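Just one chain is shown here, as structure tokens, and it is the form predicted on its own.
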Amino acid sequence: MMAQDNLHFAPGTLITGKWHRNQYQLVKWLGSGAQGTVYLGREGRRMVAIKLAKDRASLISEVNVLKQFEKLQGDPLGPSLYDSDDWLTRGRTIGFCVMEYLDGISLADALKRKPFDWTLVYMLQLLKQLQQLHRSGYIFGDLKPENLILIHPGHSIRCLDFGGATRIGRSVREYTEFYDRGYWGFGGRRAEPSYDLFACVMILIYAAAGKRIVRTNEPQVQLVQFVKSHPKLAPYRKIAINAMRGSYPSAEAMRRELLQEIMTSRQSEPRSPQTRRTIRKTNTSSSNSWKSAWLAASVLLTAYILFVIIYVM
């Protein structure tokens, strides 16, 4: 039985494409957004993600973006596109697309479970992905943790839901207020790389605060003061403020400066005898478990920095 938005169907429902005649079975509901509902589906033995669109024009736009990204070299930005078609059901036509099913955890969930150092690892990866995206002539637009996924195994980041992707120079129409620079008074909604970079800062703020902070009557002053005063963000305040103000010409410029600041802060951090003893221990007590988590994040961050220095920079 369908829900009120007419895009919710029971598990086991069969979808047959009107034009390509490919058949898919819905397995379970994964989520709903502004432009449609996504299901885990099955095509034979292959698991896929199936997006049923509220608006066919929006779906066509997203499909065209995914096709464009498949032409790019390097790491994939998002899921591979397998099929797009129409489904005739109950006297109406529903547009849908079939994509690679990305098995992982959303960045929103990861930020709740991991220490802040992990956020820096994710941000370095995200900025690299955004540089590739911007070079293709698009911005992500609706950039937020819920639209990013960390792939199992490992922690490689991929983008989901390109419904908000917008050609550079056009107006951003799909956005989430907390991550939107227009909402905070830092600029308009013209699609340009700096729009996505502002959202990156808001992801850092969200990770540091553990929640979305509430906007005050002076939002610009509020964000700058928050970045300067929060202990997790203070070491990166110059980068955050520059990104909020649109000072970076590219995601790569922000990534390099963030990487340099991370390296500098790691070199200047004193290592206490207690920390050195914790590193040598293989079995820690529950009272020291948070230290182990912090150390694990630091080790991973250091390893990632070394990888970037050797293979990327």
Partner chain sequence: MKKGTLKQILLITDGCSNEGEDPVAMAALAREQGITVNVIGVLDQYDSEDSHGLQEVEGIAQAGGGISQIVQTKQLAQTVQMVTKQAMTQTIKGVINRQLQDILGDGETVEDLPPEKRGKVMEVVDEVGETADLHVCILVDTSASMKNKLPTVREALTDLSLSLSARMGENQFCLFLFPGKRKSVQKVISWTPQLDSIKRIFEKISSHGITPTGPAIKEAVKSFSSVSRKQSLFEDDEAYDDGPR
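Remember, predicted model here, so these are calculated numbers, not experimental data. Residue numbers count along the first chain shown, from 1.
FYI, the form predicted together with the partner chain isn't displayed, but the following is about it.
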TODO: Have a look at 100-108, 184-192, 156-164, 125-133 and name the one stretch with heavy atoms inside 4.5 Å of the partner chain in the predicted complex.
DONE: 184-192
Task: V172: touches the partner chain in the predicted complex, heavy atom cutoff 4.5 angstroms - done: yes
Open item on the list: Residue-level contact is defined here as any heavy atom of the residue lying within 4.5 Å of the partner chain in the predicted complex; does N147 satisfy this criterion?
Closed with: no
Open item on the list: My question is simply whether D86 lines the interface with the partner chain in the predicted complex - judged by any non-hydrogen atom within 4.5 Å.
Closed with: yes
Open item on the list: Taking any heavy atom pair closer than or equal to 4.5 Å as contact, tell me whether R42 reaches the partner chain in the predicted complex.
Closed with: no
- [ ] Go through I60, A253, M263, M47 and name the one with a heavy atom inside 4.5 Å of the partner chain in the predicted complex.
- [x] I60
- [ ] Please pick, from K112, R215, K232, K228, the one residue with any non-hydrogen atom lying within 4.5 angstroms of the partner chain in the predicted complex.
- [x] R215
